[in-house]
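Coming up are structure 1 and structure 2: the same protein chain in two forms, each one given alone as structure tokens.
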Structure 1
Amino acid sequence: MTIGIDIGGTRIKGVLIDAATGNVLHRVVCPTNDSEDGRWKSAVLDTFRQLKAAAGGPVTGVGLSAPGIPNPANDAILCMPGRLPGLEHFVWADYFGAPVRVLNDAHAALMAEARYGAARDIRNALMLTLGTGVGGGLLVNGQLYQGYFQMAGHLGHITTDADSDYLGISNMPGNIEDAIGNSTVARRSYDRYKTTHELVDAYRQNEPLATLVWLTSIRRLAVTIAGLANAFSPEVVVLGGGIVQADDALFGPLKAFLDVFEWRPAGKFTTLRKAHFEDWAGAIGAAGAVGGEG
């Protein structure tokens, strides 16, 4: 048994899994409250304790999935400006009193999908996690590609509008994270909607502003995916994170925009798949990565 904990912008999700099969034996979830400095850390510790108690026996290790770039030792997040105050350089093993392997959240999510989920048996895949931020992961020849500094896969920082005057936390004008992530819904909708859930509900009812905002976001996502397909030629693109709960309201227009924008030589096209584990993939992938390297 291993434990995986994912620190999301909205919720902290923890799982106890059977690492051989990926079967989830127990789940714990609580709100993150990341605006209040420090409090989110005790919620993470509490999640760990609950999972340890649920195991009722020895646990092989703990994986922690968080936004940002992990340090070379994979025991802390080295860099994540603008979110989760106090995350950078915080060594989780000291706090838990147990060894902890720290991974980027989208890398963890991709590993869960590649091992047990939507990209199982696929050698070349991309993952985009659509949540508070937008994360990414690259599976190249069956391996997670991390590049120099474990930074590769920050697909949310790719721009869809170089002329935008909004830089966001990644300092990249018009990046896809700000074009679709939860943290910009109010800004994108002139404060009419606070969450993607509200926005998508209004879109389903044909509310004009919601329709404009949502379809603009999806058009940008489609162009990003089409560009990534040109660069990496994946067999499958897996979409995860809380926003995939929009389901047909996301996948319907996204496929329609891809029909327009994707380069399809000789009829080759990229298959889109919804993450099998939806927004639990980070926690499951972190649990599955315990004992791994790098």
Structure 2
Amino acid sequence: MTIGIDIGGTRIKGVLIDAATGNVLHRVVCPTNDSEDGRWKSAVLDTFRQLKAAAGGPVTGVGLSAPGIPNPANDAILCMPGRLPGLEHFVWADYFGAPVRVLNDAHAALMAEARYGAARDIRNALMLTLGTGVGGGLLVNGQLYQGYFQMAGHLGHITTDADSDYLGISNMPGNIEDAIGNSTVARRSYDRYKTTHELVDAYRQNEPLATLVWLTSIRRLAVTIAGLANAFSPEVVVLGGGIVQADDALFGPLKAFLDVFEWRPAGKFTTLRKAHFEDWAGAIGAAGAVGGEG
């Protein structure tokens, strides 16, 4: 058994799993209470204690999923400015008194899919998490690829419009996070729509502005995926996050645009798959990643 804990902006989610199968044996969820006094750490510790008690036996280790860039040892988050005060450089193994592997939250989501979900038994895959922003991860030869300074997989910061005046958090103009993330819907739609859910509902009703905004976003997503396919040649691209709940409104036009933009020599093409796991992917992936690099 292993424990996985996902520290989100609003909720802390924890799981106890059978690491061999990915079966979830117990779940815990509580508010994060992200505040300057750092009270959120005690909520994480309480989550760990509840899961350890639920195990009723030996626990191999703990995986922890969090926003930010992990350090080279994967035992702490090295860089995460502006959120979760006290997260940076905090060594969780000392706090828990147990071995802990720390992963970026999007990397953890990829590991859930690679071990137990939509990318299971796949050697080369990439994942894009489409939500408030856009995260990502790379699976290369069956291993999570973190790269120099653990920064690999920040796929949401790939530029689709170099002439844009809007810079993302990584200083990249017109990135895919800006193009499709939920946080920019109001700006992209001239304040007509506030959320992706509202935008997609209007698109389904053939509202002209919603149709323009939504299909422009998906076109840029398709160009991004086609470019990533050229760079990494994955067998599978997994799409996760809340925006994939748009289902056919997303996957239908996305596949149509990929038919135009993807390079397909000798009939080779990239398979798109919807993520198997939803809100619990970070916790499950972190638990599944305990004890190894893959």
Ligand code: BGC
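Numbers given to residues start at 1 and step along the sequence of structure 1. Computed from a predicted model, the values in this text were never measured in an experiment. So that the term is clear: the rigid core is the largest set of C-alpha atoms that superpose within 1.5 Å between two forms.
Colleague: Where is the form predicted alone shown, in structure 1 or in structure 2?
Modeller: Of the two forms shown, it is structure 2 that corresponds to the form predicted alone, while structure 1 does not.
Colleague: Quick one: once the rigid core is lined up, does residue 160 have its C-alpha move by 2 Å or more between the two structures?
Modeller: The answer is no, as the C-alpha of residue 160 shifts between the two structures by less than 2 Å after core alignment.
Colleague: Once the core is aligned, does residue 26 move its Cα by at least 2 Å between the two structures?
Modeller: Yes, its C-alpha moves 2 Å or more.
Colleague: If the larger rigid part is held fixed, how many degrees does the smaller one turn between the two structures?
Modeller: Smaller part versus larger part, rotation angle: 20 degrees.
Colleague: I need the CA movement of residue 97 between the two structures once the rigid core is aligned, reported in Å.
Modeller: Taking the core as reference, the C-alpha of residue 97 is shifted 8.5 Å.
Colleague: When the rigid core is overlaid, by how much has the CA of residue 279 moved between the two structures, in Å to one decimal?
Modeller: Here residue 279 registers a C-alpha shift of 3.8 Å.
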